[in-house]
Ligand code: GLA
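Shown next as C-alpha cells: one chain only, the form predicted alone.
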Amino acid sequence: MSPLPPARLLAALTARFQREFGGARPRLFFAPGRINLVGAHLDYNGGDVLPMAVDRGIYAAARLRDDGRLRLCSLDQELVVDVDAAAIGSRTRPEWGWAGYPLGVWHGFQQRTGIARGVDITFAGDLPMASGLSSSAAIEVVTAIALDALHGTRLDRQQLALVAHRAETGFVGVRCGIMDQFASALGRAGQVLLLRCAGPRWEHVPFDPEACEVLVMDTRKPRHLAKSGFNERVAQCANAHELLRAHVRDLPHLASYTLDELEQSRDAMDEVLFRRARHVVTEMARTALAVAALRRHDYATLGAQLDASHRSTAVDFAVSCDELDVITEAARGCDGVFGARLTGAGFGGCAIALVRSGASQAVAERAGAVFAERFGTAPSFDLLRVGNGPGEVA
C-alpha cells in the first residue's frame, strides 16, 4: 500500500467534488477502517471481539441538495451514481455497484429521522478494497457521520453504527455482525474496543503503540470466496446453535455455550458443524485471555492468542488459505513477532502480525521473501496505528 498523505488525499477529494458537482465548498468527514486483534467470526454469533480502529479509512466530501437527488462519486471507482431520492427503495440495485453502501445508509437515516433531502458526496480512501480492513463499514459510517452533521440531528455513535450495519445487512444484503460498523463508529485514540456483541455493550481497553506495532500483511490474493463462504459459515453456526438449543439448553447465542456443553452435543451434529461451533466457543476464551493480557501489557500472551486464533480459523472454521498460512508462519519465525493471524473474513486478503516496536521492517523483509519464493509474487506490508476515530475533518 502506498497511500497519499491525508492532506494530499483531502485536497484531491475536494478537487474531484468541485469538478463533479461545482458550487460551494463541501464539508469533509472521516471514518476509520479496523483490524480485529482477536475474536474471529464471533460478532454474528453473539460473542466478544477486540477490534482496533486504525489511522486509515474512508474520507467523504459532502453537501446537501434541495432537489431530492443523490449524486455519488469516488476517487477510486469509475462509476458515478445520480438517482432521485424517491427511487431509493429497501434494497440496492446492481447498477448502483459500490454506491449501494452509502445509499443504504441514506435510506436508513431517512427511516430513522424522517429527513429525505438530497446530497452530493465524493469518497476517497487509503484502505485497500476487499482486503479484510472493512472498507465497506468505513464508507457506511462516514456517510452516517456526514448526514448526521449536515442535518444537525446529533444521533449518538451507537445509533449511527446501527444505521450503517442495517445498510449492509438489509439494503446490500451481506450477512454480517455488528463489529465492523461499531469499531469504526466508536474508535478512540490509544485504545481498542472490547465489544460484547450480545448486548451490545462495549468498553475501551488501552493499547500501547510504543510497546508493539501491528503489521498488516497483504497477500494480494482476492477474496473471491469471501461472500459465499462467509454466508455459508453464518448458516452453519446458526444450525449448530439450533442443535445445542435442542440437545443441551436454550441460550440466545452460539458463543454463550461452554466447550463441555458443546461436547455433550457432539453426537447430534456432524463433524463440520461441530468444528464450526468449537471455533466459536474456544475463540471466546481466547478473546478473554487477550483482553486480560492487554490490561497488564503482556504482549507475549496476547500474541499467543493471535497464533491460536489463526490455527482455529484455519482448521475448525476453514476460512484460511495457503497464502495466509504461509505469510503468518513466516512472520512467526522472525525475531520480535509476538503472534500472527488472518484478519477479516478470510479466504485471502490480509493477515496481521503483532511486532515488537521497531522490528516491523525486518519482519516485512523476511516474511516477504518467504512468501515470494513460495508463490512467485510479492505481498505488501503496512504499519497501522490506532486511529482517532470518526468525525468531521477541519
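Computed from a prediction, not measured in an experiment: that's the story for all the values here. One-based numbering along the sequence shown.
What comes next is about the form predicted in complex with the ligand, which does not appear here.
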Just to be sure I understand the contacts: of 351, 40, 31, 367, which is the one whose heavy atoms reach within 4.5 angstroms of the ligand in the model of the complex?
40
Can you pick the one in 269, 176, 289, 150 that has a heavy atom within 4.5 Å of the ligand in the model of the complex?
176
Does at least one non-hydrogen atom of residue 51 fall within 4.5 angstroms of the ligand in the model of the complex?
no
Could you confirm whether residue 338 comes within 4.5 Å of the ligand in the model of the complex, counting heavy atoms only?
no
Could you tell me if residue 59 has a non-hydrogen atom within 4.5 Å of the ligand in the model of the complex?
no
Is residue 344 a contact residue for the ligand in the model of the complex, using a 4.5 Å heavy atom cut-off?
yes
Partner-facing stretch of 62 to 70, 42 to 50, 330 to 338, 357 to 365, counted where any non-hydrogen atom is within 4.5 angstroms of the ligand in the model of the complex
42 to 50
